[in-house]
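Shown below, as structure tokens, is a lone chain in the form predicted on its own; questions about how it binds or moves come after it.
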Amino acid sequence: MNDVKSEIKNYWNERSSTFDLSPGHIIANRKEENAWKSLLQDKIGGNDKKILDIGAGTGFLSIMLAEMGYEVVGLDISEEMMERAKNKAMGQGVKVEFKLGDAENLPFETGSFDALVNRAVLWTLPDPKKAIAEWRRVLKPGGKLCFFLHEPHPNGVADRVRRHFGNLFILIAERRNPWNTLYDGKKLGVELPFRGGVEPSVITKLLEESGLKNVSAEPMVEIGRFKREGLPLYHKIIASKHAQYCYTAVNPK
């Protein structure tokens, strides 16, 4: 493992202990949960499918998909994240196979999965183009790719002041230093092309250039509204208006 990947792995191992304290990383309410499940069912189809969740973290998508009846493999570069995901799945009585691995160098045979999902993963990767090529490789012909990613954060003066103000509350409420983040490439010495979010047109072009078909990008308006309803006040104050998008594509037969 190279130095950049080791730095990323170490960051997520450290972040794992407070990851689920962040309201954005967990389900806010039943309405949000139902909206996620409806969206996943619509994009992936019948539950007789084997799905790979890349960058599974503490199991947000993996556990939800397993509850829906899919066969799920969750993969993450962080041992600590995987341990917490395993414990959560056991506690909720669902079966998920969790594996350690790198999103840009997947430990699976070509054509192993009917569908591949992930949430907020591309911004954490040094080589998004290589990652998407790998994701396509492990999909079966006709297999579906479905993932979720935010557009860029607004970066005006008022936005920066609001974020710094809100970070003080995060420091207290979530027991973590919000300024210690992979978004700050200089601090951690990690260059991430998509850190801070990315315009949808950039992602759709990347997917099309990789050879994937039926590429689409849809703003997740309903899920965003339900999420905001369940946020604590300090997160509502600092939340910037940058939409989360659902990206889908098909591996051609």
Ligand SMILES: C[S@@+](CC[C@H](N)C(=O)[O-])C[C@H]1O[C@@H](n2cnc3c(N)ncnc32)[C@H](O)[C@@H]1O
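The structure displayed is predicted, hence computed values, not measured ones. One rule holds for the numbers: they count along the sequence shown, beginning at 1.
What follows is about the form predicted together with the ligand, which we do not show.
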Would you check, heavy atoms only and a 4.5 Å threshold, whether G197 touches the ligand in the model of the complex?
-> no
Looking in the model of the complex, any heavy atom of W123 within 4.5 Å of the ligand?
-> yes
May I ask you to check whether F60 falls inside a 4.5 Å heavy atom distance of the ligand in the model of the complex?
-> yes
Does at least one non-hydrogen atom of G101 fall within 4.5 angstroms of the ligand in the model of the complex?
-> yes
Check each of A89, L149, I77, V73 and return the one that places a heavy atom within 4.5 angstroms of the ligand in the model of the complex.
-> I77
Among V96, M81, I132, V138, just one has a heavy atom within 4.5 Å of the ligand in the model of the complex, namely M81
Can all three of F19, A56 and R119 be found with a heavy atom no more than 4.5 Å from the ligand in the model of the complex?
-> yes
For the heavy atom contacts within 4.5 Å of the ligand in the model of the complex, list the residues of 1 to 18 involved, in sequence order.
-> K5, I8, W12
